[in-house]
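In structure tokens, the next block holds one chain alone, the form predicted alone.
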Amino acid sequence: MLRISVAVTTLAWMSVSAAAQSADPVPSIVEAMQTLSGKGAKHRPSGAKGQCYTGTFVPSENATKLSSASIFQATSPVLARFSVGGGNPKVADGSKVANRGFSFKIDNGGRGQTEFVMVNAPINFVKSPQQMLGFLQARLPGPDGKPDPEKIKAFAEANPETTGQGRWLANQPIVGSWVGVAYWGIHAYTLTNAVGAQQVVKFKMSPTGGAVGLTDEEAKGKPSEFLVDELAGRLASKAPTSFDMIAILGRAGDPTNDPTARWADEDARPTVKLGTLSITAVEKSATCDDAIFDPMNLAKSIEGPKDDLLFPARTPAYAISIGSRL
């Protein structure tokens, strides 16, 4: 009976995904996220728990070899927000299952503001808006107010790539510092230099002070809000709070349409340091909460992927979300 139930449920979720192909799934995605995080809540439905900071970005001398973007030509101020994944603003900082987010804006005085939304995993958990909708709908509560484990299992079996990010996080130490873990931009970008040469890259932020990881036992002994305190201590003591912005170089034939998959030999690829982003001060939460970080907002000579369905869907989803919480 269980085998039959799972098969039927799998077909049901495949049908939902197919039906979503013919309509814009973004409003339904936001609605499902809001349902899961608490209908009517005024916090973000994803990355609800976080803190805003300011900082600076200093480009490296090699950056302009890849891109003539204005952010790679002068030091610029930065607005950044670190977060713990999910729609629960009270989630413990030591949660192992939630990803950690790093969103930031490099603003060089209106000459080409650039925004990134990154997570502490090199892959995303879905590759399209339709798959995102199915992932969320599988987790919606049933009549008893709880999600149906069989629906979640069936969706995962029909969409195995949606389990990759969770496996990655499960095999990593628990994050001990917001500035002590690497973050990836997940999507593939194209950089263009002054002579028109183009290079496909993936962005990675690598902590200059090294990784700070915790065991499960160490995390249990930490306060629920320890990440804010840890970074405050670093800022007070002048300990490292910066990241190197790294471009991982793509090769001909590398896929650019699937953020759930890594490139072959990605960790062994040649890289170029594009600059250093430093966190310098705490900023009031409203500064970040009253706006969105839009990864479609890119300086000239930095382009997002044209064949990645998830990438352009972020902008309308964030716009709907902020409109409902302000």
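Since this is a predicted model, take the numbers as computed values, not measurements. In this text, residue numbers run from 1 along the sequence as written.
Another form, the form predicted in complex with a small molecule, is not on view; read the next lines as being about it.
- Proximity to the small molecule in the predicted bound form, taken as heavy atoms within 4.5 Å, picks out 113 to 121 from the listed stretches 167 to 175, 198 to 206, 227 to 235, 113 to 121.
- Among 132, 179, 138, 245, the residue placing a heavy atom within 4.5 Å of the small molecule in the predicted bound form is 132.
- Although the partner is absent here, residue 278 sits far enough away that none of its heavy atoms falls within 4.5 Å of the small molecule in the predicted bound form.
- Residue 274 falls outside the set of residues with a heavy atom inside 4.5 Å of the small molecule in the predicted bound form.
- Within 4.5 Å of some heavy atom of the small molecule in the predicted bound form lies at least one heavy atom of residue 46.
- At a distance threshold of 4.5 angstroms between non-hydrogen atoms, residue 76 is out of contact with the small molecule in the predicted bound form.
- Within 4.5 Å of the small molecule in the predicted bound form, a heavy atom is found for not a single one of 68, 249 and 306.
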